[in-house]
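Taking the form predicted alone, here's one chain by itself in structure tokens.
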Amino acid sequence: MKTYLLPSLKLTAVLIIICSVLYPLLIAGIAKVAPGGGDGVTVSSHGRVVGYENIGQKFTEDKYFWGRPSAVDYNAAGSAGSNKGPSNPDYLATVQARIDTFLVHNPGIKKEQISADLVTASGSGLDPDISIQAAKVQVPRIAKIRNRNEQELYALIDKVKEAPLFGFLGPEKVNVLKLNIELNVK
């Protein structure tokens, strides 16, 4: 037993130092050289910080573009999904309620035109982006409320859209916070 106890205690001590000290220091060092210095990339409007680039926010007023629903009500301290599968009756009822709400606020839009990312939450519950289709389907509502030309809003979407990662990984997307800030500029 003695022959196994000493090596196992040494290995435990080495792993504690690696996993509890060295690895966290390495990750903290990498974060310090990343954009935002490890504190997140802030988004400002009129000289004041209004949010973070990679954390979604809740927009419910009809005069703004709506983002992706959140299973955690956009609480960045508790990132999580709903953990309900696509056949779960509660989940299906939640999605149907989101569809119904969207249709009430967007008259003239058909159910088939609603992008899935407008009625389903992301895995983190904090997705700041929506698809181009999800942004464009909201244009008639916003144009009417703000008394603006729809073509102007389509151009605004094109202005703030982001290309796929490395030019080919994933779809084009729109950061909802940045889009709504641009919407308020004019």
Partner chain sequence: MNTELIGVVAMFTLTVLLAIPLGKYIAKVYVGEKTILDFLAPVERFIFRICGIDSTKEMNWKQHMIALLSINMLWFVYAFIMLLTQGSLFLNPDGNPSMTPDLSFNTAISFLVNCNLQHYSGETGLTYLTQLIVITFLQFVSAATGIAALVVVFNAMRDKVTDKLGNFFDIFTKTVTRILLPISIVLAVILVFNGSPASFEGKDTITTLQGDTVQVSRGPAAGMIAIKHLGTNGGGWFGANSAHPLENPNYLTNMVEMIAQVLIPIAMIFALGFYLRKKRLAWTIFGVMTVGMLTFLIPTMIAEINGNPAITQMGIDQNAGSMEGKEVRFGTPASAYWSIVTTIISTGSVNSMHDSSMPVSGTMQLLGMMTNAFYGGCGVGILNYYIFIIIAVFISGLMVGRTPEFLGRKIEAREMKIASIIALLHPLLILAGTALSSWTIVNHPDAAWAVKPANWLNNPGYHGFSEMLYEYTSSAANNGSGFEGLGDNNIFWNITTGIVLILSRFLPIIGPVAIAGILAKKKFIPESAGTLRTDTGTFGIMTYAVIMILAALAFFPALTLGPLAEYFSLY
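This is a predicted model, so every value here is computed, not measured. Numbering follows the first chain given and starts at 1.
Only in words, not in the display: the form predicted in complex with the partner chain, which the text now covers.
No residue in the set Gly47, Gln138 and Ala155 has a non-hydrogen atom no more than 4.5 Å from the partner chain in the predicted bound form. Using a 4.5 angstroms limit between non-hydrogen atoms, Ala77 touches the partner chain in the predicted bound form. A residue is said to contact a partner when one of its heavy atoms sits within 4.5 Å of a partner heavy atom; Gln96 meets this definition for the partner chain in the predicted bound form. In the predicted bound form, the partner chain stays beyond 4.5 Å of every heavy atom belonging to Lys144.
In the predicted bound form, the partner chain sits within 4.5 Å of a heavy atom belonging to Asn88.
Contacts with the partner chain in the predicted bound form, taken as any heavy atom within 4.5 Å, map within 50 to 76 to Val50, Gly51, Tyr52, Asn54, Ile55, Gln57, Lys58, Phe59, Thr60, Glu61, Tyr64, Arg68, Tyr74, Asn75, Ala76.
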